[in-house]
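Have a look below at one chain only, the form predicted alone, in structure tokens format.
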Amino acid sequence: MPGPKDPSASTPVRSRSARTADLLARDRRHVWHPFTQHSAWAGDDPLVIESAQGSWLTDTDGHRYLDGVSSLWVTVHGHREPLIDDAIRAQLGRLDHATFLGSTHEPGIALAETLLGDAPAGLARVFYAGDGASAVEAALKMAYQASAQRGQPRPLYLHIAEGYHGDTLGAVSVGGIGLFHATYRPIMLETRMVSSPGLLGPGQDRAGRAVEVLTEMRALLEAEGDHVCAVIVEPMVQAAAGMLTHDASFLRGVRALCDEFGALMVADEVATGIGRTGRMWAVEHAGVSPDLLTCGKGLTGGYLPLSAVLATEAVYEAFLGTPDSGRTFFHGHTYTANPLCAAAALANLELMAERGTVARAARIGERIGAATAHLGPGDGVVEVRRIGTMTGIEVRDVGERTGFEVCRRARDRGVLLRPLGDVVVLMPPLGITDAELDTLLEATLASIAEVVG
């Protein structure tokens, strides 16, 4: 019989109401979930979420769970925030949707002004997209087209190993996680990749690793820099790789190399932006400004799909010309700058300013850091990696799906987490209360101790 710390031990499936069982049966017949191996999914005792309030989710059997990963890193103030609800209802009473192709509307204009008011220096234009991957896709196309229209087409992109930028083909092309991306390599864009600054050698610190990877990047740019239109990075945290963190000097070095070799610096802040690292934008930790910045996830507070690319005036001007010049950015989607999405984002950003949410996020991160600082090999923990609220606890591999088993034990304690392999991710809503944060930390630490301690 497996012991209580053996992650191969199956947790008994909880009793289900007839309604829950029916919904799951219908799901199994018709639905294909993202990032889900369906041969195992039914046996994982999935939840059917019915409602939410604040930091809590409730399933169809009436069980409540603390949303420890902000519903995949998007929830800011909490679920069903009254002021965001009201903003969406008010907008619905005026305008549900109107095309942004050749016309405009006030929510889209006001949101651009608000975003740029808090943006890193030099960013002056906002191009709206639908989700993180589509924002990255737009930024990649902008970078290439700008180089071509300046008279020097540069068809290559430089990216970082272990990177993740979304699942469209362009975004996958500049990703570096083999599990996600290797299958599609034959149909990807041609790129060049350097090592991850977040993967350290024995005895190496992050500053030393940054120097090593920047030296590698310089050598590549010296060889092929005339063909590289952009360097894309996830500032400070490679989130999907397991919360790999790097030294701020790495970003400063990337900025300097881009300037030296004439490439655009693209900061993918879809995961790291909107306060998650204890700063509004992660590039602020390094004091640098990119040429293009993508944002999404928490932009609407976790309500509706909306993303954006923030660009410098110099990039924008590369697309100006007569109507028949062919210099237009022929890219967009039907629901670009949807007014309901824009209204939610405006309300979210206004609330963040009023409530000091970014400073609050920094304090939450410090409390997480203090609570996890003692974890080490004796606790079955390989490493704790954190910047702001973005936290990854890498646990010792003691069997198949160890990280998943830790998260399953946390769910039994009323806390929802989602692992990245054997990395247990904490990414609470930025509006979480101190008492709720204590609940999250206690359940996480107890579950880790139970499985690998």
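This one's a predicted model, so the numbers in the text were calculated from it and none came from an experiment. Residue numbers run from 1 along the displayed sequence.
The following text describes the form predicted in complex with a small molecule, which does not appear among the structures shown.
Residue contact check for K297: one or more of its heavy atoms lie within 4.5 Å of the small molecule in the predicted complex. Proximity of G166 to the small molecule in the predicted complex: non-hydrogen atoms within 4.5 Å are present.
When contacts are judged by a 4.5 Å heavy atom cut-off, E224 does not count as touching the small molecule in the predicted complex.
At a distance threshold of 4.5 angstroms between non-hydrogen atoms, Y157 is out of contact with the small molecule in the predicted complex. From the list 360-368, 269-277, 197-205, 373-381, the contact stretch for the small molecule in the predicted complex under a 4.5 Å heavy atom rule is 269-277. With the partner omitted here, the residue from D131, D118, E284, E216 that has a non-hydrogen atom within 4.5 angstroms of the small molecule in the predicted complex is D131. Here is the short version: of Y303, F127, F250, W73, the single residue with a heavy atom within 4.5 Å of the small molecule in the predicted complex is W73.
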